[in-house]
Ligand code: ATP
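Shown below, as structure tokens, is a lone chain in the form predicted on its own; questions about how it binds or moves come after it.
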């Protein structure tokens, strides 16, 4: 199923939950709605499911407008955050519920329930009660219940948020593999950046009911459009700068770092003008240490001010030699041989992202 949203607006009284939302989700795409609590992502998912109606705008499934179409007529399956399993029913009865509502015969219902449970590796649990299952097993039952109706669209509302860290990692790959193998179009809501980066084909970043940016995980992480996206998707360093000019041939911009007598080069997806004040984002892992200048690289003379051991990496904070107010962080796998005195921090121009 291909999904299209056109100028969607939704409010609750004076509170605007979504405003002017427009996006397209391709057939077979695993699409993520990512953002902080209260940004409107679950509201948008509920509009797709048919549990809520938009105040204005259009939702189209394969070109068919969904206004007034009830949830059971949309051929979509929903996986809820809290599993929403009935404790008085067996696993099989929980999974069969959607089929029974649709009038599927008992014989076919039993066959399809067993097929769905086998897909999530719970075929032998068909007669158990939800209380007899672990959290991960209950989540699999909820997924089987959504898949058993053979939906064209699967909707997942933070399905892993109630699981422990290790089980979340295991379920990430299982859910993605299952959805992709079945060829479903899926929309997945989460506030977990790593979950989205690891699982999504594309993501929409939401804030205060608006879409900030849409792209692949790599595009969003490496080429954020603004400060919010850059900060939300992980650690980054920000430096204030002024645009001097665009270099001919390279497509890069020449920058003057604010308060520093340094000229850097950076990349931007948007056209910039000379004199424009901008913000530069550099991911900690994109910074390297050098004992001297390296041709073609952006350089900053600096001295280490502190280090924090994080297990898999060590996070270092450096301050610029010329101005102690400017600091940069970098991540190192092996930090025992870092020099104590002044060093040069290096960053490739392509990793020096100019934000609008």
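Positions refer to the first chain, counted from 1. Because the structure is a prediction, the values reported are computed rather than measured.
There is also a form predicted in complex with adenosine-5'-triphosphate; it is not shown, and the following applies to it.
- Proximity to adenosine-5'-triphosphate in the predicted bound form, defined as a heavy atom within 4.5 Å, holds among 17, 25, 345, 21 only for 17.
- Of the listed positions (93, 115, 158, 152), a single one reaches within 4.5 angstroms of adenosine-5'-triphosphate by any non-hydrogen atom in the predicted bound form, namely 158.
- Annotation: in the predicted bound form, residues 12, 40 and 43 each come within 4.5 Å of adenosine-5'-triphosphate through at least one heavy atom.
- Among residues of the shown chain, residue 36 is one whose heavy atoms approach adenosine-5'-triphosphate to within 4.5 Å in the predicted bound form.
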